[in-house]
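Here's a solo chain for you in structure tokens, the form predicted alone.
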């Protein structure tokens, strides 16, 4: 028990000092470098979660944070770049959580199961980064993240590495699949389907419940995608 408590104390210290890195080409000035920048992140998450990305504007944000639009534009070129930042931050944070969750786990299958659970379950508030509400940010990813990459500018943004965090997360889980079954041909397709599909199912669960399934006593979405993954990689013809 004493060893466990000491371990948890050390882990809490590590978590309390984490720094999530986002591609520098997405922003003009690092919002993590100032109190105003952190306030921009915090309140933009609150606003987008409340009113949606389409209704969100820098003018509305400026009023909420008692600042000016010009001040916000010093950090982000436009609201699309802000959305890119928020989604990139989320994927980098998820990769960090994944690495932490599977460290010191020897069994590849167990590492994969933990990874699937992590990317498909409901997000819990982290609390180690006070200006980021991870639950609200997760809501934004579920309902708005496609707007970050389903654009005419996706090719150019991809070239500057705007989606590298998402790709790294998919690659890590794909590597686990290949470790279990080197003959499986579609690991990246499977992983991106799991992540995007789980977002859809969470949205359906909250807003269009007849498009999904609720199983009493079961966390149905992680359970479904775990079953889907294992059947896919264990039954390759």
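As the structure is a prediction and not an experimental result, all values here were calculated from the model. Definition used throughout: the rigid core is the maximal C-alpha set that superposes within 1.5 Å between two forms. Residue numbers count along the first chain shown, from 1.
The next section is about a form of this same protein that is not shown, the form predicted in complex with a further copy of the same chain.
Contact with a further copy of the same chain in the predicted bound form, defined as a heavy atom within 4.5 Å, holds for exactly one of 146, 101, 107, 160, namely 146. When a further copy of the same chain is considered in the predicted bound form, only one residue from 212, 68, 57, 33 comes within 4.5 Å through any heavy atom, namely 212. Taking the partner from the other structure, a further copy of the same chain in the predicted bound form has no heavy atom within 4.5 Å of any heavy atom of residue 75.
Shown alone here, residue 227 lies within 4.5 Å of a further copy of the same chain in the predicted bound form, counting heavy atoms only. In the predicted bound form, no heavy atom of residue 28 sits within 4.5 Å of a further copy of the same chain. When contacts are judged by a 4.5 Å heavy atom cut-off, residue 201 counts as touching a further copy of the same chain in the predicted bound form. Of the stretches 108 to 116, 127 to 135, 162 to 170, 93 to 101, only 162 to 170 has residues with a heavy atom within 4.5 Å of a further copy of the same chain in the predicted bound form. Within 4.5 angstroms of a further copy of the same chain in the predicted bound form, the stretch 175 to 196 places a non-hydrogen atom from each of 184, 185, 186, 187, 188, 189, 190, 192, 193, 196, taken in sequence order. Once both forms are overlaid on the rigid core, the distance between the two CA positions of residue 219 between the shown form and the other one is under 2 angstroms.
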